[in-house]
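Next comes just one chain, in structure tokens: the form predicted on its own.
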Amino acid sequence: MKGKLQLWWLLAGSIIFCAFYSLAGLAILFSLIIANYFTGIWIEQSRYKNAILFLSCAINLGALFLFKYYNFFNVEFTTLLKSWNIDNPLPVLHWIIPVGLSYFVLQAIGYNTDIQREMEPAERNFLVFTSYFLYFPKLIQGPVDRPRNILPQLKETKVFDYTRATTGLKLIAWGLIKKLVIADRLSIIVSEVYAHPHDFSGSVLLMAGLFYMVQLYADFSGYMDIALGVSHILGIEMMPNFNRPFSATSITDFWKRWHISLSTWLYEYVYNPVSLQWRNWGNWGMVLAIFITFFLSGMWHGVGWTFISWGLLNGLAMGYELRTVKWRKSFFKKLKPSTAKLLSISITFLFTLLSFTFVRANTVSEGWYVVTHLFDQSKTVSVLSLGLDSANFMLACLGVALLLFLQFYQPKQSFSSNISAQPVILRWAIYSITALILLNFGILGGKGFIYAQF
């Protein structure tokens, strides 16, 4: 009974958390929860598993299209019809996207697919089922954790653990530093430059591109640290989402380190089925499967051609790497191992920086302008005119340097374990300094998390 009572409290907290965003959005999510609860059981019991799986995917993707993509395609359709002097009869819909809908849909599709594949049974306990889909630490930005990982944990009675609580609090504190001290400070310069990219020289555009890449990482991984920390305190383990992505030696390696839960979801539920269908095409079938996977990844990330362009660029890069494996291995064998690794990391880092430019740019043409004018020094603008004074600009640069350093420095023990091993006085000194850093250097009341819009 104690475990069930805990679950009721957890669900109540998740409902309140979701209701703060939108009561209408909460109602829509509840409708989808009910639909997926019954389709899961239906798939398990029926002989027509594929047909019911198709129906469940249609329900979830239909909701995602209606609330997230309808207006985008409607506007594009209107533009097309105008070129033929035809009015579009379809209305523009004005409603709020339910919070976490994109993540919800991925997890719902994964849940029903796993049942169809007989990898897990349908969950009959509606309380557990609802608690999984509304679990507030992962509701807004994931991770896109699998039901088979979280559902069993929700059924366990939780006992307070001091070590887990302190570890979780340290994760939360580190996540807040990433978000408030680093990401939100970098966003001031990034927003200024990308608002009018034509006004700046190539060096400023390059700096803004670097700052945006680090901002995105600090913002997203900062949220993940907070979410994992809260979940850790509650006694639930979620999958990690980052593993030093800027130390990746290829685009393939990068996507094994960045947004890991999404990358593995796409591999498991999109790439694998598609590549199996086209396995007779050899490597070209795999390339096409990669291209489709990253096109869908771009679409999932955001509404607009900039996100689609970003997805296609990464699909092309992954396809290129697949087709040139032998040639690249042969080339790098001619170099010293340290030189080969440094060159691989540098190429990957530069490509990632340039591809993320299209995510941040307002339009594809502006993204292309930034990428093609990195060596244009015809305009002179002081970096101190970009929204930060000299002290805050130096602090932003220190934040970038710190996060890039941590991409390559891997301690034998986690920072949390190292801190816990210190004497009490030193530990509390570290905690006090962390609090002072947040209070004095954190940009409080700033912007929301970037990935929350996806």
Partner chain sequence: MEKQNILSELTGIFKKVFENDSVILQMDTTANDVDGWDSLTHTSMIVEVEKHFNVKFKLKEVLGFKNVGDMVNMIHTKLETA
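Numbering follows the first chain given and starts at 1. Everything numeric here is computed off the predicted structure, so don't read it as measured data.
Here the subject shifts to the form predicted together with its partner chain, a form of this protein not shown in this document.
Of the residues Lys336, Lys82, His198, Arg117, just one reaches its partner chain in the model of the complex with a heavy atom at 4.5 Å or closer; this is Arg117. Shown without its partner, this chain lists Thr167, Ser221, Ser275, Ser231 as candidates; in the model of the complex, only Ser275 has a non-hydrogen atom within 4.5 angstroms of its partner chain. Checking 264 to 272, 84 to 92, 71 to 79, 213 to 221 against its partner chain in the model of the complex, the stretch whose residues place heavy atoms within 4.5 Å of it is 264 to 272. Taking the partner from the other structure, its partner chain in the model of the complex has a heavy atom within 4.5 Å of a heavy atom of Met286.
In the model of the complex, its partner chain sits within 4.5 Å of a heavy atom of Asn280.
Contact check for Leu322: a heavy atom falls within 4.5 Å of its partner chain in the model of the complex. A residue is said to contact a partner when one of its heavy atoms sits within 4.5 Å of a partner heavy atom; Lys256 meets this definition for its partner chain in the model of the complex. Contact annotation for 353 to 378: no residue has a non-hydrogen atom within 4.5 angstroms of its partner chain in the model of the complex.
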